[in-house]
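Single chain ahead, written as structure tokens, the form predicted alone.
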């Protein structure tokens, strides 16, 4: 619930942007800060007026000698009259005796480099809510006109005008532009994600911070995001003004998002069309197609390694392309990314044929990118082998697509399959699908069955991850210490030494056999 209009605590007024230069000189206790201010009295000299001024802010305009005994008299008289706080011109400290007196009588003494402006700002906040709203709305309208074409430009400009952090959150409540300082991101996402987008939102957080959010509606009536502003404890007038200004800014965000969407869809159609032409060309693209590829920055020569990334649920592949590019770039994978069907086709190009170590390093980066992307969307990923030239690109993309389809039914690999590893794996699996090996494998792993901690699955993932505890923890979504503990338990139950290559190979083959059984039971996708 927002504070009542026309009232504010002294602490709230101290947080308004117009009071940025005001300093506390003495006497501010928690009780004094929580007092409700009922008005503002501005006087030219250091005197207490005869009128009833209880609960009001007393602002003195003319300089007051900080060492004069008359300042102590002013403090005593102001407190006796019930003044809520005293504002002096200038921010120089008061003498220790005056500070001790203010502390003892409980009268906050403040200093301002511009006391008249501070007093008038406080008066507006306490008595003229409509005027404060109108001023902020007009300034925000001007900011929307003045800001650049991107949502980032607008967020910066509105933040500057409101002097409050302004951010853009996606529909599920995750921050996409700007910042929401002092907010628990997960709690904020949960609160906004479950809220009716058709309504404005006011979210008081346990930290005392208030987040105001206004729905950002794009043409067609769809609520695409939230415009959010973060305030500390604030007067009702300022909160109402920021809420009104935020509603105006939301229109500006919606306009920019719509323009960005149109541009993205146009670019996506162009990329998809170009990729289709290249694939249909079968290694002999026309000069016009090659020119388009060059213009798009797509290298056609060299060694191409393709990746197929498919979302596990229906998503906006155009809107999320930037997230995919960012997740790859974060792992130093500079790839061409094209929206395609239920996901994205991507590839990297090198001038020379990658060696085995390069392929493994590239694969590890892609695995990390998949995990980073999981914050936004769960995916299955297939990686093709490196092949040269335009025909090689087509071949690598086809291999990546096949691997991606297999990845859908392989949760024990983190739904990540690389064609190079797939060939060896299939060979080993074919060998282990014998009537003599399968009973032996089950017997070997039987001590792990019905044990707490899913030890059999953990062992399979650990061996697939080349005995990497960190990789295993990432795939299983548990802590490294949990994996280490499970592996120690596994070695104890099986009475094996995983440092022994032969024992490790035997266990790996046995796990693959058991994994084949799991794959057969799992629903096949594609």
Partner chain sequence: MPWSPGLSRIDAADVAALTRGVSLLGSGGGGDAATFAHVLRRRLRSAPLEVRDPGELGDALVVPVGVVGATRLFGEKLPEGTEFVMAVGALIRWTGARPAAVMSLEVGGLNGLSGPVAALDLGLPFVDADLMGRAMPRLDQFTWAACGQPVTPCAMREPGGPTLLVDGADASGLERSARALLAESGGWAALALPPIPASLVRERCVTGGLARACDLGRVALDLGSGTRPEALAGALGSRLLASGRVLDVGRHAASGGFGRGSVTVVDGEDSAVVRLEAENEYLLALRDGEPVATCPDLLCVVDRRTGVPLAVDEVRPGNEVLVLALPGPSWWPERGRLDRVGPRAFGIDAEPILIGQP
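Numbering follows the first chain given and starts at 1. Note that the coordinates shown come from a computational prediction; the quantities given were computed from them, not determined experimentally. Throughout, rigid core stands for the largest set of C-alpha atoms superposing within 1.5 Å between the two forms.
This next part talks about the form predicted together with its partner chain, which is not shown.
S.K.: Counting non-hydrogen atoms within 4.5 angstroms of its partner chain in the model of the complex, say which of 274, 100, 259, 374 makes the cut.
M.R.: For this set of options, the contacting one is 100.
S.K.: State the residue from 72, 184, 323, 179 whose non-hydrogen atoms include one within 4.5 Å of its partner chain in the model of the complex.
M.R.: If I apply the 4.5 Å criterion carefully, the residue I get is 72.
S.K.: Residue-level question: is residue 68 within 4.5 Å of its partner chain in the model of the complex, judged on heavy atoms?
M.R.: Looking in the model of the complex, residue contacts with its partner chain include residue 68, since a heavy atom lies within 4.5 Å.
S.K.: Is there any non-hydrogen atom of residue 104 lying within 4.5 Å of its partner chain in the model of the complex?
M.R.: Residue-level check for residue 104: yes, a contact with its partner chain.
S.K.: Does any part of residue 292 reach within 4.5 Å of its partner chain in the model of the complex? Heavy atoms only, please.
M.R.: It does not: once its partner chain is placed as it appears in the model of the complex, residue 292 has no heavy atom within 4.5 Å of it.
S.K.: Although the partner isn't part of this model, could you tell me whether residue 442 comes within 4.5 Å of its partner chain in the model of the complex, counting any heavy atom of the residue?
M.R.: Heavy-atom contact with its partner chain at 4.5 Å: absent for residue 442.
S.K.: Of these, 343-351, 76-84, 397-405, 247-255, which stretch puts a heavy atom within 4.5 angstroms of its partner chain in the model of the complex?
M.R.: Checking each option against the 4.5 Å cut-off leaves 76-84.
S.K.: If I superpose the two forms on their rigid core, does the C-alpha of residue 101 end up displaced by 2 Å or more between this form and the one not shown?
M.R.: Superposed on the core, residue 101 moves its C-alpha 2 Å or more between this form and the one not shown.
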